[in-house]
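A single chain comes next, written as structure tokens; it is the form predicted on its own.
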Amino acid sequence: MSLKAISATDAASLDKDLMEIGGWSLDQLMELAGLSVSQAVWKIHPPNAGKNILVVCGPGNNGGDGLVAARHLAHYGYTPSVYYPKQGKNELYQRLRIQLETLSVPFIDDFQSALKTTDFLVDAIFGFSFGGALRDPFGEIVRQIESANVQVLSVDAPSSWDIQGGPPKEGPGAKFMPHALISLSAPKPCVAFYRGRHFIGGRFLTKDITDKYGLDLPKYQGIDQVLEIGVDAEGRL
């Protein structure tokens, strides 16, 4: 199964429509995104494969998705920890942090040591709005993730990748190919460069929204919020 990709501009417009027309709040969209990420982790790396999950969060909405995912993972019985080097200033992110602190989920400072001991990593640094070169400290963070011997799930796009053009030609991220990728709402064009396990998450879109943006409604199974789909660089994408 392959799905139509959506550009970064249309992805931003879709989110705006959901909030201004569809009645959704940013909190709700982030909660659903983080829930989808957590379910993808469960399918890829169940707790019996190792409970230590390192969630690396950026300063924007992608990082917020990671914070929500960490909370759900704690409830599932994992032992998540969060690396959040540049925290979002929005009050929403502060509340998400408090929710994790009340669950005793640690926010770590020594990323290098945590990377050596984790069983699995969630890359929630940058999403569809990323563009340009990586700024400190994220270049070094991506470089370390890229060379680590740990499976990675990237949220919406592998961090450092151009949303349209894929991985950078050189520097941090040039050889970054995470084990798994979860596309939220719809795949982004960079998925055409991706080789690995690919999931879709976004079981809340309505037919009018998908029709407006020419998207497909995947056939999610049971109560799952995610669905594993193929990557077809020659097809619909």
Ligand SMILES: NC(=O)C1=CN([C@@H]2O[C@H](COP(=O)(O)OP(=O)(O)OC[C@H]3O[C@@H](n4cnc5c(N)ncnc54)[C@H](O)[C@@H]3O)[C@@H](O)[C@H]2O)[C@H](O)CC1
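Predicted, not measured: the structure shown is a model, and the values here were computed from it. Start at 1 and count along the sequence shown; that's the residue number.
There is another form of this protein, the form predicted in complex with this ligand, and it is not shown here; the text below is about that form.
- Among the residues Val41, Val55, Leu181, Ala33, the one placing a heavy atom within 4.5 Å of this ligand in the predicted complex is Ala33.
- Listed residues Phe130, Tyr84, Phe120, Tyr78 were compared with this ligand in the predicted complex; Phe130 is the one with a heavy atom within 4.5 Å.
- Highlighted residues Leu29, Leu134 and Phe204: every one comes within 4.5 Å of this ligand in the predicted complex, counting any heavy atom.
- Only one segment in the set 168-176, 183-191, 208-216, 44-52 has residues whose heavy atoms sit within 4.5 Å of this ligand in the predicted complex; it is 183-191.
- Within 4.5 Å of any heavy atom of this ligand in the predicted complex lies no heavy atom of Trp161.
- Within 4.5 Å of some heavy atom of this ligand in the predicted complex lies at least one heavy atom of Asp15.
- Taking this ligand as it sits in the predicted complex, the stretch 137-164 comes within 4.5 angstroms of it through a non-hydrogen atom at Phe138, Val155, Asp156.
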